[in-house]
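Single chain ahead, written as structure tokens, the form predicted on its own.
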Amino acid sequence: MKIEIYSKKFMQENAEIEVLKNINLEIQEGEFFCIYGPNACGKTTLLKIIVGLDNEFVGESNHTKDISDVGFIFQNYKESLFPWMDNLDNISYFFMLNGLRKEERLKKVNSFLEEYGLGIDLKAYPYQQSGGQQQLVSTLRAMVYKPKLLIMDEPFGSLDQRLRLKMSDIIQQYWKDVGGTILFISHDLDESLLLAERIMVMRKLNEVNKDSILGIFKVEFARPRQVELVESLDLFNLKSKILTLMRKDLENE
């Protein structure tokens, strides 16, 4: 997957705002790639370009043309769920589009939940659930049919700490089982370092910053990775390197 973005701009209050600039990125098939950076630095916009939902930019992207091979977990999960559908129909929506009967869809969803040790009320509707449960439903909908490319835009942001840690373990096991590519946005640097093979750190553009990418770092810790890794000296050193780079970048603004 190759992406070259020379410039991406938006109109905002009658002014043209540049949100992405000088991105030259290659993501390998089967890679777990994390994107980390401050608010409004263009992370979600970059994902939309990669998957082909935004073509209004200067540059090139060889994104996939087959949407059946892409699962997209949107940051605004509440608006991505169908409020008139129960959890079963929301989670199995891809199978529904492909003509599977409810009994077949129920079997597939239950099998997936059992495989990864998850429990969820499939008869409940979005309005009957907490934000965390709604986000979990949105996440499962993208994972259940095991696409070759999984795009995850802050998928654990509304989960409580216990479920967040569990989903961190699950997504690592899922990635190993499926063998696909995962692009993952997180505001949690520890979480990114726990999951990624590589992490790309982005910056918000201004008059001083001329490029969107601050740095790309390899994360070479052995797998499976448990949450205890975040307390290790090796992870601390890598985290410190990234935070030092970000701090120096802010000082140069």
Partner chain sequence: MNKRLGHGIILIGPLIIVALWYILPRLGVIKEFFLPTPIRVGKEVLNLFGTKNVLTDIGYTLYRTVVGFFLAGLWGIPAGLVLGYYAKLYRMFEVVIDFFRSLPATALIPLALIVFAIGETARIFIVLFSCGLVLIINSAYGVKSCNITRLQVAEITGASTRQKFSTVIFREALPEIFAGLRISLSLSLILVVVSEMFIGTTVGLGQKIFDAQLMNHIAEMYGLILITGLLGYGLNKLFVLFERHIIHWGGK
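Numbering follows the first chain given and starts at 1. Because the structure is a prediction, the values reported are computed rather than measured.
One more form of this protein, predicted together with its partner chain, exists but is not displayed; see below.
**Student:** Pick the stretch from 103-111, 119-127, 174-182, 153-161 whose residues have a heavy atom within 4.5 Å of its partner chain in the predicted bound form.
**Tutor:** In the other structure, the partner sits against 119-127.
**Student:** With the cut-off set at 4.5 Å between non-hydrogen atoms, does Lys78 touch its partner chain in the predicted bound form?
**Tutor:** Lys78 belongs to the contact set for its partner chain.
**Student:** Should Arg203 be classed as touching its partner chain in the predicted bound form when contacts are defined as heavy atoms within 4.5 Å?
**Tutor:** Judged by the heavy-atom cut-off of 4.5 Å, Arg203 is well away from its partner chain in the predicted bound form.
**Student:** May I ask you to state whether Lys48 is within 4.5 Å of its partner chain in the predicted bound form, using heavy atom distances?
**Tutor:** Flag for Lys48 set to yes.
**Student:** Is Leu195 one of the residues lying within 4.5 Å of its partner chain in the predicted bound form, judged by heavy atom distances?
**Tutor:** No - in the predicted bound form, heavy atoms of Leu195 and its partner chain never come within 4.5 Å of each other.
**Student:** Exactly one of Ile213, Leu53, Leu189, Val219 has a non-hydrogen atom within 4.5 Å of its partner chain in the predicted bound form; which residue is it?
**Tutor:** By the 4.5 Å heavy-atom cutoff, the listed residue in contact is Leu53.
**Student:** Between its partner chain and Phe72, Met85 and Arg141, in the predicted bound form, does every residue show a non-hydrogen atom at 4.5 Å or closer?
**Tutor:** Every residue of the candidate spot has a heavy atom within 4.5 Å of its partner chain in the predicted bound form.
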